[in-house]
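Okay, here we've got a single chain as C-alpha cells, the form predicted alone, with questions on binding and movement later.
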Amino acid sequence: MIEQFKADVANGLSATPKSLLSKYFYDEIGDKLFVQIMHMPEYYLTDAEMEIFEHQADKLATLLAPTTGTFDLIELGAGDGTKTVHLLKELQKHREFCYKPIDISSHALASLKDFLQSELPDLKVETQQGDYFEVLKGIADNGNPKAILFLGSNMGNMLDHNAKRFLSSLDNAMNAEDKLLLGLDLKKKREVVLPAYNDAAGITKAFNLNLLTRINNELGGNFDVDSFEHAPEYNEEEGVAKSYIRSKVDQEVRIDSLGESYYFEKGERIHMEISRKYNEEILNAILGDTSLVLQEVIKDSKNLFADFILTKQST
C-alpha cells in the first residue's frame, strides 16, 4: 500500500497540471471528517438518497428483485448500511435472498455485519472483502440472479471515460435480466451544488488539506498546510464539480521518501477530486455500448438525487 501511495503521489505531483488521487483522503482522520461532511446542512446528497430508501423502499424492492426464486443482492462499498437496511427490511418481507456486501475494508465489513445482526438477525449475509470486480467475477459465476447496488453518487467521482469502463466491467459481470441500481447526484444549479463542497464550517476544506498532512506523516513531506487553500468550482453547464487546493505563495515542498522536491507557484492548483452530476442524457451516453438499459428513475421529493434502475438485456 505505501509503495503504491508513493508512486501515485510522485506521478501526480510531477504531472502538469498537478493532481492527487482522492482515494487517499481516507486515513483515520479523513474517515472521521467525511462522516462530518455527510452530516453538514449543505451536503444534501446523503439526506436525499436516504429519503428515497426510507419512503420508497417498497418500489425499489419490486424493481430490483426477480419475479420468482432466490437471488443475490450485492452492494459495492456498502458503508455503514444505514440506507440499505430499509431495502433489506422490505425485501425480507416477501423474498428469499442473500445480501453480499463488497468492500476493500475488513473493518467496515465487520461493523456492517454487526449492525445487520442487531437489526435483521435472520438476514443471510455473506461479506466479501476485496476489489469489486475480482469478487464480482466469482459471484457472477454462480449463476444466481442478482441485483447490484452502487449508492451515494460514488460513480460521480469518476471521469466519464473511467465511468464507461466501470459500467462495462459491471455489464460483463452480469447475466441477462440482472439489475443495477446507481445512486447518482442530479445536475442542478450552482447555488445548490457548490456549498456542498465548500461548507461554511470548513469541514470539506479540512478534509482536502488533510491529504497533505498524510503525505507529511507517511511519506516524509514538509508541506506547510497553512500555505494552501481549498478552492472548489462547479461548471453548471457541464454538471461537473471539481475540488482543488491552491498554493497561496511561491514555495518548494520536499518529500523525503521520494527523494524529490516540487515547486508551486502562487495560485497553482492541485486537482483533488471530481464530482459529476447526472441526468438521463448524460447517463445514457456513458452507458455507451453496454447491454444495460435504463428502466426507471426514482427521485427524492426535492429532485436533488436519483436512484437509476438498469436492467441487463440479453444479447
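Just so we're clear, the structure is a prediction, and the values are computed from it rather than from any experiment. Quick note: we count residues from 1 along the sequence shown, nothing fancier. Superpose the two forms; the largest set of C-alphas matching within 1.5 Å is the rigid core.
Missing here is the form predicted together with a small molecule; even so, the following discussion is about that form.
The small molecule is not shown here, and in the predicted complex it never comes within 4.5 Å of any heavy atom of Gly143. Shown alone here, Lys83 lies within 4.5 Å of the small molecule in the predicted complex, counting heavy atoms only.
In the predicted complex, the small molecule lies within 4.5 Å of some heavy atom of Ala78. Phe71 falls outside the set of residues with a heavy atom inside 4.5 Å of the small molecule in the predicted complex.
Taken together, the three residues Met38, Ala108 and Tyr132 all come within 4.5 Å of the small molecule in the predicted complex, as judged by their closest heavy atom. Listed residues Asp185, Glu90, Asp178, Asp103 were compared with the small molecule in the predicted complex; Asp103 is the one with a heavy atom within 4.5 Å. The single contact residue among Gly239, Gly220, Pro195, Gly152, judged by any heavy atom lying within 4.5 Å of the small molecule in the predicted complex, is Gly152. Residues within 4.5 angstroms of the small molecule in the predicted complex, judged by any non-hydrogen atom, belong to 30 to 38 and to none of the other stretches in 57 to 65, 30 to 38, 246 to 254, 281 to 289.
Once the rigid core is used as the reference frame, the Cα position of Asn216 differs between this form and the one not shown by less than 2 Å. After superposing the rigid core, the C-alpha of Arg165 moves by less than 2 Å between this form and the one not shown. Core-superposed comparison between this form and the one not shown: the C-alpha position of Ala206 differs by less than 2 Å.
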